[in-house]
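Given next, in structure tokens, is a single chain: the form predicted alone.
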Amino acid sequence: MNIDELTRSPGEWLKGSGPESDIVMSSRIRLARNLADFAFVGRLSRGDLSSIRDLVRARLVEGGQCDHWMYFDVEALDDLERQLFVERQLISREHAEAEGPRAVAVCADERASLMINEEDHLRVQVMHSGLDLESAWEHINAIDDEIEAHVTYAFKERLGYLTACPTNVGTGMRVSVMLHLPALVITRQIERVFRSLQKISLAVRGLYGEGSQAMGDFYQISNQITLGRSEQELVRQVGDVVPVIIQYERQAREALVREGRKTLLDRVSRAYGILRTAQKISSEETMHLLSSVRMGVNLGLIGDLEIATLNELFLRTQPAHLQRLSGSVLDTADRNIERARYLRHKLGGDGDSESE
């Protein structure tokens, strides 16, 4: 699979087929690992970074240890291609914007990826559709064992896995769930929920992780502590809390329908109408409107749309995907026009407007 094929594919986690997928977009587990024979990334020369990149590629990707993985040299990608990988949640913004030899290996169905020379030598990630943390843990544990059979990790019996950032020392594991919480936002209960999560050492981040803002009412909930707890305990910590948040969101949706069905239907219908007829639209507004429509579909207020289609639109209307699909580099104004055209086409709206 090349980048063009990757651009057009939906990604397994976007199919909306997993448990509780009306609210939970994805379950993700990430492991930070370093090789014992090298200093941390921030202390390495370009030659050392190249050695790690080449070693991982030879032993794991080309050596057949990780089946069906595609390898991409991030340093050789252009800015638009790097941004595309960020939008697909396959690499971090930091990995995209860094300098020096670095790479990413991606499983064919995109449920697993391996960043090479990010903050740590290796960042292994598994992402499943819906609330599926136990399966995600089994998946990434198998990949981690497979990798460790062919390289030696930096590990101390007392501390666990050694990482560049002290907050990752121990298991080196981040467990996160991406939730769509529009009703809690509309009813202004979201801040109260987040304050409760912080009290039990869970972090709340935006769509693209640390340092990012919430867009389209999507939020990532993840553990903050990795040292002194086992992997199973961290999975259980997040897994026990998420069903409570799901219940709150469901209750908020039911209250919106019960107390103001006409108002909610008007909100959803207006959002759907704008998406189907707009002549130009920003990425931020698109995310906001798609969020309302997605909630409307899940509540049965709109009957002719599939959740998988909406999930793909969240991704394919992002700047890098939109430009790759259009086949040209576009400035902001032209992207807003192209995004509106693309939405009209996909949602069966006004396809014969003068702007096309």
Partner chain sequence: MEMLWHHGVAAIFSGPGSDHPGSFLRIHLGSVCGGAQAMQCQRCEKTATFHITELTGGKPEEVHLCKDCAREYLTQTEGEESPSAPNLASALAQQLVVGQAASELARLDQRACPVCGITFFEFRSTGRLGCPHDYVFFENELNPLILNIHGEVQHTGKRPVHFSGDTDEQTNLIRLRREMKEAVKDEKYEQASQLRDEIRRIEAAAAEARRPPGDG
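Positions refer to the first chain, counted from 1. Predicted model, so just to flag it, every value in this text is computed and none were measured.
Note that the form predicted together with the partner chain isn't included here; everything after this is about it.
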Checklist entry - Among 273-281, 83-91, 106-114, 143-151, which stretch has residues with heavy atoms no more than 4.5 Å from the partner chain in the model of the complex? => result 143-151
Checklist outcome for this item: Exactly one of 169, 265, 238, 215 comes within 4.5 Å of the partner chain in the model of the complex through a heavy atom, and that residue is 169
Item to check | Contact residue in the model of the complex, from 129, 125, 176, 226 (heavy atom within 4.5 Å of the partner chain) | outcome: 226
Item to check | the partner chain contact at residue 259 in the model of the complex, heavy atom, 4.5 Å | outcome: yes
Checklist entry - Heavy atom to heavy atom, is residue 164 within 4.5 Å of the partner chain in the model of the complex? => result yes
Item to check | Proximity of residue 248 to the partner chain in the model of the complex, heavy atoms at 4.5 Å | outcome: yes
Next on the checklist: Please tell me whether any heavy atom belonging to residue 160 falls inside 4.5 Å of a heavy atom of the partner chain, as the geometry stands in the model of the complex.
Outcome noted: yes
Checklist entry - Even though the chain is shown alone, can you say which residues of 172-203 have a heavy atom within 4.5 Å of the partner chain in the model of the complex? => result 186, 187, 188, 189, 192, 193, 195, 196, 197, 198, 199, 200, 201
